[in-house]
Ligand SMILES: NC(=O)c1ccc[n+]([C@@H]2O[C@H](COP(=O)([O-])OP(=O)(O)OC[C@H]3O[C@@H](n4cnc5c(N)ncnc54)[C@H](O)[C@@H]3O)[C@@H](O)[C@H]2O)c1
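Taking the form predicted alone, here's one chain by itself in structure tokens.
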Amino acid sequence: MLGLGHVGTTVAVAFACAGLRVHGVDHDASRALAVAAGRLPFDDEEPELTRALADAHASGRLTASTSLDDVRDAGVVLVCVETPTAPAFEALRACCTQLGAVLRRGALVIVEATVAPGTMGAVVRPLIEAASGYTEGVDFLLGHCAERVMPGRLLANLRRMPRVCGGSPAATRRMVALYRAVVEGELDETDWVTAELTKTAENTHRDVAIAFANQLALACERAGADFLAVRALVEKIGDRRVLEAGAGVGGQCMPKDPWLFHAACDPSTPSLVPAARAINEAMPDHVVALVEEALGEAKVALDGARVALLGMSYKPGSAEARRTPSLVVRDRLLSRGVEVRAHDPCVAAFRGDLATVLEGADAAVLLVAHDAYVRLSPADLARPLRSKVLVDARLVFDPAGARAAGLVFRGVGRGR
């Protein structure tokens, strides 16, 4: 297993618990040492994975190090290195070259990292062949099976979600036999490019759908309508579904995978991806504008105001706080001279005491619809605030109820 981040660690643990001997490699010594000691190499709360990792470590079937020399005898090598927004894939390229130098003849190499369509044929195969002197399909087999997991339920997703196994018939047969040991869902066999397109299209589809919801919310604000009312009426037509609007899109995959998909598109033709990305990336700035507007109505200047941000993860119930819209809102407010307090019941760095965060703040800004926040009433939020301002970026609170509680209210998708 090359790469011991969220995906690599989960896959390594799953196969070790299924009875296979697994060795994980990561250039980050802290990650390798954590897995070697039976501990998660990241801070997220993953109770099921934590227990399984401890079991795998106790069994002796899961080991880890920082050296690729330790995989010379591996019959199967899974690649789970980072693939960022720009499809240059420096980490993947380096990994392929280094792997080729130690690859065993007859091995199966599977890239689980999400890649731009065409990467397997244009980048991965030639780099491994050049470094190894082997020929793919003759001396080794190469497949692509992108992960489908979400923080908070990594191991459950790995076991239950269907997987797409891309490669030659010989490669996909071996992949299906391997994954069947840990995957309960359907295993579809196809070629590299179809597998690459499938994964990038999944997240692009969702990003575009969220962008439409956000644009509808902005139109509702401008026209004086309510997003929830409009959405409910639209969805009375059976095949129309509008996703939730909000403060933007976060997580490790959603902001980058559309650009990987976009890399396969004809640059001379129009594309939905840049427009959708622009809409979603602009939502944190729109939230800041709502905060400034609401504080202005309460006669409070943005510069010097004290603002409580509720929710720093990328989705309700998640402890994943990397690349979240909430962090963008926080940074924008800080740059405008705002004293920011942040709270999140799921993220260790922001757990704290909610009452303390709210006490004496000029505004509360709901950024993530965690259950702990949804259970609050507008009066609960108004009571500890110094200036009675509520900005709802997740359409949780009823505007009339908020105003009845004495709050100056602004909300994404809530026209006045």
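All residue numbers are counted from 1 along the displayed sequence. Bear in mind the structure is a predicted one, so any value in this text is a computation, not a measurement.
Heads up, the form predicted in complex with the named molecule isn't pictured, but that's what we're talking about next.
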Checked Ser313, Thr83, Thr200, Asn214 for heavy atoms within 4.5 Å of the named molecule in the predicted bound form; positive is Thr83
Interface check vs the named molecule in the predicted bound form: of Val328, Val230, Ala264, Val149, the one with a heavy atom inside 4.5 Å is Val149
Item checked: All of Asp26, Leu68 and Ala113 with a heavy atom within 4.5 Å of the named molecule in the predicted bound form -> yes
Within 4.5 Å of the named molecule in the predicted bound form, heavy atom basis, the matching stretch of 89-97, 285-293, 69-77, 186-194 is 89-97
Review point. Heavy atoms within 4.5 Å of the named molecule in the predicted bound form: does Ala245 have any?
Key: no
With the partner left out here, check for me: in the predicted bound form, does some heavy atom of Arg410 sit within 4.5 Å of the named molecule?
no
Is Cys253 a contact residue for the named molecule in the predicted bound form, using a 4.5 Å heavy atom cut-off? yes
So in the predicted bound form, does Gly415 come within 4.5 Å of the named molecule, heavy atom to heavy atom?
no
